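You are given structure tokens for the same protein chain in two forms, set apart as structure 1 and structure 2.
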Structure 1
Amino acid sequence: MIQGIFYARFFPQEGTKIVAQSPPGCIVPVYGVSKPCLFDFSVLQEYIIPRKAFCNRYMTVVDPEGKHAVLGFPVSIPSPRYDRNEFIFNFGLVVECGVVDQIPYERVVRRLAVTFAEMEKQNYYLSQDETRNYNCGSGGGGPRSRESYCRRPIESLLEIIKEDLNNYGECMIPVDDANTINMKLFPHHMTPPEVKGWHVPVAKMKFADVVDPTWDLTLQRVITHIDGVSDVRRIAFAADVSLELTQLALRHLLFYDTILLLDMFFFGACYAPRPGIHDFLANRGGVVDECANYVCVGTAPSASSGSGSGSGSSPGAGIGERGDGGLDMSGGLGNSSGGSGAGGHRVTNYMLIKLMTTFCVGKTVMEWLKGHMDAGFDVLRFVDVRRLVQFGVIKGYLYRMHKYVVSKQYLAALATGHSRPVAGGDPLQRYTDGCHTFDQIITEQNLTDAEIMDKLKTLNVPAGDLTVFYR
């Protein structure tokens, strides 16, 4: 919330003055307003109209109480036209300190400064105003207004800006016949992490519903292939877009928080619980039911997509439905999901909890599956395992244990500084420093896990040099 907005000017004789403010009396007292000022203007005035060296830049200062921040952009326009050859002004905002995210207001302040500076340069908008208001003031240095067209006083202009930004987050204000100020408060998004070839993007919304022909062409191509299963490399291939452009497009989606990045799902991968799994046991916010809707095989697709849209509307839900709606189990296991033998069966909450909590360090999904099968629960008939795992990963209940391979001699070489012991050697060697997961090797070398292991065996290194470990 903007607490106050003001227009300050430096006058050659009177010094820094607040010419206009809104609400009245927020910066300097005015007659008839008993409300105290937001801060002591005399303390801060040297930061509102600072020394010349600090002009023409965005500048903020916090008042001594630490309650308000003054955001300003002091502008100095040098010109022989003015007294002392300079016109200095500042349009500033006062916002609460600590409560409000100041970042969106920076653009507003910059925009005000730039617009009014330009208007002053072009037709002396501000200095004219001054001559009109302070007719008896500085003896005719500024050019007088010849045409007395009617225009909005700055004070009311400021009030509209403040009100509109506070109420609507944007404003569009005609300043005079020729100029309009358009401003909007934009939230500040963090720079998204890089998208790698082995990430699997999962849509958080239905792109098919929001896409329109004005979207970037690459993006349009890419989003049709985001299905929660394909990795980035595969999407790039399927969409016939270069990997770099695909990554860029996905990063764009990531910036607006419309996709999630997961890992590739393999039945041979290990997943293990994280402390957050407590929430799953507690069924916080009905998350187990959400999970059941997402993972249970055989529930009618309509019901499942219905739940998907439901979860889309609730803020906590992170999973949107895939566009196709069909359930395709990856991994090619002969499962009965297609046949509706177990149609409509809903696994009990307890069983879901049981399934989720039995993932364990050092146990592959396959082993996990086998454990439950042996115990008499035919998991595949009731549950889409990939979706269960993804649900766990998305919600922070599970983490993927990645597989790494390291070569001790390569590590030793790295430690001593010879980072490339065998230049142009085996393409796999550069992955053996412990920083590259098998997922990366799989996508970048287009090999399967088993093929990599085979190739590693033929790698030209001493026996026992290579070690595979999980993290």
Structure 2
Amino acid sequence: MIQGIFYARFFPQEGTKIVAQSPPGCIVPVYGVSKPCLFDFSVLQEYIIPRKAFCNRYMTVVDPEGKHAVLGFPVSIPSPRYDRNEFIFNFGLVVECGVVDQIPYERVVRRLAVTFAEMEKQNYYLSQDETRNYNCGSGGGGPRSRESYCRRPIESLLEIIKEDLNNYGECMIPVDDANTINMKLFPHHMTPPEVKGWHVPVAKMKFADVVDPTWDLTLQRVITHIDGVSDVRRIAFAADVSLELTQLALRHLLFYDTILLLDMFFFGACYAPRPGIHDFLANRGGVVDECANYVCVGTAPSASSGSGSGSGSSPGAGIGERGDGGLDMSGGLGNSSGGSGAGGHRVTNYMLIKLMTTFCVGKTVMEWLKGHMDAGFDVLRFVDVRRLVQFGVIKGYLYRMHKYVVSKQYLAALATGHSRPVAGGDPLQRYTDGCHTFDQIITEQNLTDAEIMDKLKTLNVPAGDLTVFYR
């Protein structure tokens, strides 16, 4: 949100002055306004109207307290008509630091600078006497004088621009008979990350409600196979679309923040808790109940099933059917496959917290599962393990420990430049530089984890040369 907007000008005799501001008193004190200024103008005035080398370019200045940022585009118009042969002005915006994304406002500042610079070059709109009466017809002197008076005051322009952009995100304001200011705030989307064949896309919305027949045909075919389980390679195969086009379509969805990417789920994978798991322990915002509604399946556990002396929560409602595997963050994660259904019951909060916090480095999901089964709790009967892991990763409570393999001999060959691809050689060799995860090997070579380990054992390398590690 725009906290303030101003028009500053350099006067040959008086220096930098704020000619107009909205709201009144936001930049410099105004008589009758008791509200304090947003920042100390005397400290930042040399940056509002800077040296000539910084004119005609976009600038951002943060006040010493770090609360507000001033976005401006100082303009210098050289002409013998002006004193000192140039006219310098700046239209600036004041926004909060760290709260507002400044990138959408850059176009607004540039548009204001370009528009008023052209108006100044055409009819000296800004350099006219500031003491004139701006009411149409209030003075004689012919057409040129009447054209000068028939224009909107800059103070009212700034006020309308600020209010319209804050309330509607756009403005269309007639300045005079020949000029109109048209501006709109567009959201800024970051460049999406690369989509790999081993990523698993998860929908954050129900595409069936928004898909349109005019959408790209490839995109329509791809989104029907996004279920929160299938990786990109499988989606491409099921949709009968090339892998490259599938990745491009998913990256387009990432750009608009309609999906997120996760890792493939394996019982042989390792997960570890993040510091954010403290929020899960404290059940902030009812996150444990949200987790229960998403992961619980089967029938209610009996007292002898090892559920512990938890909170004794009553059975919750099942997850609503969602055909697309989307995320419903207001009421938990959407259904992907299976689900608790109408007859599902939840385990206690204590047991859910225990399950989530017992993931650790060096212990696979299978070993984690076996540990709870040996303790007397039949996890698979009451909890969907994949959903539990997915919930923890999405919420930031867990992170995936990826599996790599490195060959000392291959690294030495790479370092000396002697590594050359050998025709008919083992295809796994190029993955032994410690930079390729097992997920990548699984998707690109179409092998299981066990098959990869068996092939690595038969790789033509010295004994003890290969090392498998988690990172």
Partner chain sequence: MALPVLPSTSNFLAVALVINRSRDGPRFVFHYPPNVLPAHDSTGHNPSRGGDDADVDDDDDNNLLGRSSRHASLETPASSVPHAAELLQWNHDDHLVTESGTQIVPWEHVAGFPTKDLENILTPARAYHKKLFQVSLDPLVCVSYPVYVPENGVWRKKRKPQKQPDPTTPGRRDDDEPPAQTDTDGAPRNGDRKVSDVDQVDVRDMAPRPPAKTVEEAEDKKSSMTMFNLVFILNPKKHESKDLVDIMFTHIIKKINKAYKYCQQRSDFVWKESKKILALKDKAREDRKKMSVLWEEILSSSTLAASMQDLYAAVSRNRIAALQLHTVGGLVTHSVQIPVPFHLSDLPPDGGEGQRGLWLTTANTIVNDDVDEEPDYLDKNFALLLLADEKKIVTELQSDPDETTLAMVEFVRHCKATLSFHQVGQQSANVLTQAQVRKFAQHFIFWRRGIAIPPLHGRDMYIVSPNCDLRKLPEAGAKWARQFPLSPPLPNFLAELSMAPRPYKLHCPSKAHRPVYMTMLAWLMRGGWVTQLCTFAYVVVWPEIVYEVEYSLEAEDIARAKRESQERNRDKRASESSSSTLSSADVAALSDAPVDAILSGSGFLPLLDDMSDPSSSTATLRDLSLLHSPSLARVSQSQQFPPRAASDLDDSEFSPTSPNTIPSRHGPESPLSRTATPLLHDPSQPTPAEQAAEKARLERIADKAARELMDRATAHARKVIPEQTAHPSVNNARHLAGMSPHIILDAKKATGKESLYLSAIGHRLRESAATGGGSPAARRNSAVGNARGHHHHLHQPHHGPSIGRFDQADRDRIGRDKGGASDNMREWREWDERVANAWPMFWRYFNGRSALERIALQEDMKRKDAWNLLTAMSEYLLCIRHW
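Residue indices: 1-based, along structure 1. Values in this document were obtained by computation on a predicted structure and should not be read as measured data. Rigid core here is just the name for the largest C-alpha set that superposes within 1.5 Å across the two forms.
- Of the two forms shown, the form predicted on its own is structure 2.
- Comparing forms between structure 1 and structure 2, one finds the smaller rigid domain rotated against the larger by 28 degrees.
- Shown is the Cα shift of Lys184 between structure 1 and structure 2 after rigid core superposition, which amounts to 3.7 Å.
- For Met172, the CA shift between structure 1 and structure 2 after superposing the rigid core equals 6.9 Å.
- For Phe6, the Cα shift between structure 1 and structure 2 is 10.8 Å when the rigid core is held fixed in the overlay.
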